[in-house]
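Shown below, as structure tokens, is a lone chain in the form predicted alone; questions about how it binds or moves come after it.
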């Protein structure tokens, strides 16, 4: 186990390096006009002085080395545009808790609704609940998310008599953003738990349990669901990354002052250090989710081992 974790950690560090390097190079390709609000009124010497202060007049390799030196010491730099002169980490610390709360609530709600929905679809395969659930899954996957996000915002706020702008102090303001952010994961959980349960229900050990006289409820939850949940466990942590990505649009749509809306804002303002800091956090969430998914597979299925090869 320890050897596996060390290998995954080393690969994760390498992955982070490639992600940050690519993003670093891409943001440096943005036109210099975006760094200066009054670019047209500035002289050439003023532009050169501004680029020098931001360190953008140095060769790309030198800029990259300086970035990693600061990152190695836990310094993400300071914001150049969004909040001039303020350390990036200090800005992120004020935004991160709200996004974590929003994402966590949506994940919990998705599991509470999605897993029972998939179980009911598998139990009533080919019947009305299965057809309704399938229609919902197809609708969520076929329709662009932005469409039903806007639909929920426009008609949901009118129905609930709440403001379009998010208010963290009003619990009603949390309902529609959490619902919007949960729909994709609800469809995802329901679809896969149904598929895995249907596959498990045709296996020999289920037929043997029925021959022995086990009740359908016991077979469904003690055998089928328990074994069908094993492959699902691997994808539960990574779904948090999908939630984070979805929050980029949700937070902008509802004017939520979290990480998602912040990313859109800093890209628009070409605040390079802020962009890299947010990408670093998102990448860490994704990589940790993948590692946690593998660990959950081992915890839920004792047949899986990281220390053995072959059929084990």
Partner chain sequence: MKKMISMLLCLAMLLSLIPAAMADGDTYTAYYGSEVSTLNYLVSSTEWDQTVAANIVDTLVEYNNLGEVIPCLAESWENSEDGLTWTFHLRKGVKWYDSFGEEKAELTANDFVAGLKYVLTPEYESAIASNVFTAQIVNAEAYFKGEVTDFNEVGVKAEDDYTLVYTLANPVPYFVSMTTYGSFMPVYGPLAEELGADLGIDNQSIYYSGAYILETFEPQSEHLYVKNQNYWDAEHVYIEKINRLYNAESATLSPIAALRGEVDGADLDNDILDDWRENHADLITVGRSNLQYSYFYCFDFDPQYEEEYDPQNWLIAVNNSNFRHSIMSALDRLYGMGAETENPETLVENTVTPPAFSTVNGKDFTTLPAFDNIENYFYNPEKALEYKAKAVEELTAAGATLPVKVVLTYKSNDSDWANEVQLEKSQLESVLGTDYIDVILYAGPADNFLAQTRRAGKYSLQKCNWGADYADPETWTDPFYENLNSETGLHDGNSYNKMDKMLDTDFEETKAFLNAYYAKVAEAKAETADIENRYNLFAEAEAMLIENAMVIPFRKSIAGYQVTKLDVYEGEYAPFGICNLRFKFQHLNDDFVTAQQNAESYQAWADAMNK
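Since the structure is predicted, the reported quantities are computational estimates derived from the model, not experimental observations. Throughout, rigid core stands for the largest set of C-alpha atoms superposing within 1.5 Å between the two forms. Numbering follows the first chain given and starts at 1.
Keep in mind that the form predicted in complex with the partner chain is missing from the display, and what follows is about it.
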query	finding
Partner-proximal stretch of 175-183, 112-120, 160-168, 68-76 relative to the partner chain in the model of the complex, 4.5 angstroms, heavy atom	160-168
Distance check, residue 33 to the partner chain in the model of the complex, heavy atom within 4.5 Å	yes
Exercise: residue 252 in contact with the partner chain in the model of the complex, heavy atom 4.5 Å	yes
Close approach of residue 220 to the partner chain in the model of the complex, 4.5 Å, heavy atom	no
In the model of the complex, residue 104 touching the partner chain (heavy atom, 4.5 Å)	no
Residues within stretch 73-97 having a non-hydrogen atom within 4.5 Å of the partner chain in the model of the complex	80, 81, 82, 83, 84, 85, 86, 95
Did residue 82 shift 2 Å or more between the shown form and the other one, C-alpha, core superposed	yes
C-alpha of residue 253 moved at least 2 Å between the shown form and the other one on rigid core	no
